[in-house]
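What follows is a single chain, given as structure tokens, in the form predicted on its own.
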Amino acid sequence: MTDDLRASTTATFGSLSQRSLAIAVGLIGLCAGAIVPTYLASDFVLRLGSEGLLLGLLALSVAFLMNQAGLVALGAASIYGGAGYLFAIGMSDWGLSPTAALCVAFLILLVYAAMLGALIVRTNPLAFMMLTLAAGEMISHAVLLEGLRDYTGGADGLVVRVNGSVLGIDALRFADPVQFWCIAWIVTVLIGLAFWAIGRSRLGVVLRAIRGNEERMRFSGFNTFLPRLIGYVLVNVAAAIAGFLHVLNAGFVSPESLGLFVSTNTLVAALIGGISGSLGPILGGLIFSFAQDEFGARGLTQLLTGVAIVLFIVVFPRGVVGGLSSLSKRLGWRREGA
């Protein structure tokens, strides 16, 4: 009995120490990622990196839904750009403070995502993809209507002037490349950890089971509608946060941020990094952002992007992170065999 108690106590303390070590390492990595690049990189590189992080957030939202529910959403740009438009309209036309405008815009997007999700999550994956694409295209064309030009600025977009602070953060910090990198890094890491935890929660297990066999889950007494709806709303929350960060940093929002171009770039970034976890899409966003800048400097953006995508998918069919994980496992098996 005493030996069992000792063994149990040792195991408990060992588990606690491992968790404490993991938390400590995570906090060190979070702080190092936010601070170290600001001393090593120029403002231009930090801006590219921040754009990559925001694209990675969008890619993470798309990848989570693909991996957990087997659904491809091509309307991420409508939430991403819509967040900027609603935030700007809230301040300029509704007379709200920056914090109030952000909160109102977030609630509107939350209601929109819930209503749209309630209509489309019951459909099959192909129909779901086309419906999200159609909804996104409708919104991107709506901002160009002449009757809404006074609110949306039409094809010219809107200049967003933020005076004061947003959620207690001075608006000037969002325009500074160094400080914005820190903000974008922390937000991205926290959202990535949140999605990682959700994927290992009961919701993630149920979503994967529904993806595998929805009919069997219904016959087993599970509600297959509500988990999918919750998952769809959650990924749109991440897309909205990325949109708010973008407009606060750029100080401008245009119809291009609502277009199919952003949605397809998001999907490509997710495929490049890998959709099986949180790290892959974020890494894919960074790779895509820096690659686009390099290809643009050579004047062959579209051609080189297409070639690079084909090579990535052929060499890393599971994305960069998935390919490296498989390679490390193979090397481990070879060592064990030797």
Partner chain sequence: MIALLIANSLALASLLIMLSSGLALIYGLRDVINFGHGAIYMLGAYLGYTIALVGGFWLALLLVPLLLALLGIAFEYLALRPLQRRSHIEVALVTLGLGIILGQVIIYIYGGEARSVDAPKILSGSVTVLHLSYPVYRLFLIVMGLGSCALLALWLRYTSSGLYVRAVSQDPSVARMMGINADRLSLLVTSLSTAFAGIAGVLAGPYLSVDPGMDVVMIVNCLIIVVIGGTGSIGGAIIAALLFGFVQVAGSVFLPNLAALVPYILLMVVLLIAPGGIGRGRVMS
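Here the structure is a predicted model, which is why all the values come from computation and not from measurement. Numbering follows the first chain given and starts at 1. Definition used throughout: the rigid core is the maximal C-alpha set that superposes within 1.5 Å between two forms.
Another form exists, predicted together with the partner chain; not displayed. Remarks below refer to it.
The three marked residues, I28, I169 and A175, fail to reach the partner chain in the model of the complex, with no heavy atom of any inside 4.5 Å. You can rule out all but one of 188 to 196, 212 to 220, 230 to 238, 158 to 166: in the model of the complex, only 212 to 220 has residues with a heavy atom within 4.5 Å of the partner chain. Among heavy atoms of M91, none comes within 4.5 Å of the partner chain in the model of the complex.
When the partner chain is considered in the model of the complex, G95 lies well away from it, no heavy atom lying within 4.5 Å.
Taking the partner from the other structure, the partner chain in the model of the complex has a heavy atom within 4.5 Å of a heavy atom of M66. Within 4.5 Å of any heavy atom of the partner chain in the model of the complex lies no heavy atom of G296. A127 is the sole member of L107, A127, A100, L226 with a non-hydrogen atom within 4.5 Å of the partner chain in the model of the complex. The partner is absent here; in the model of the complex, the one residue of L279, V45, I309, I287 having a heavy atom within 4.5 Å of the partner chain is I309. Within 4.5 angstroms of the partner chain in the model of the complex, the stretch 284 to 322 places a non-hydrogen atom from each of Q302, L303, G306, V307, I309, V310, I313, V314, P317, taken in sequence order. Taking the rigid core as fixed, one finds a CA shift for T301 of 2 Å or more between the shown form and the other one. Compared with the form shown here, the Cα atoms of A308 and L267 sit 3 Å or more closer together in the model of the complex.
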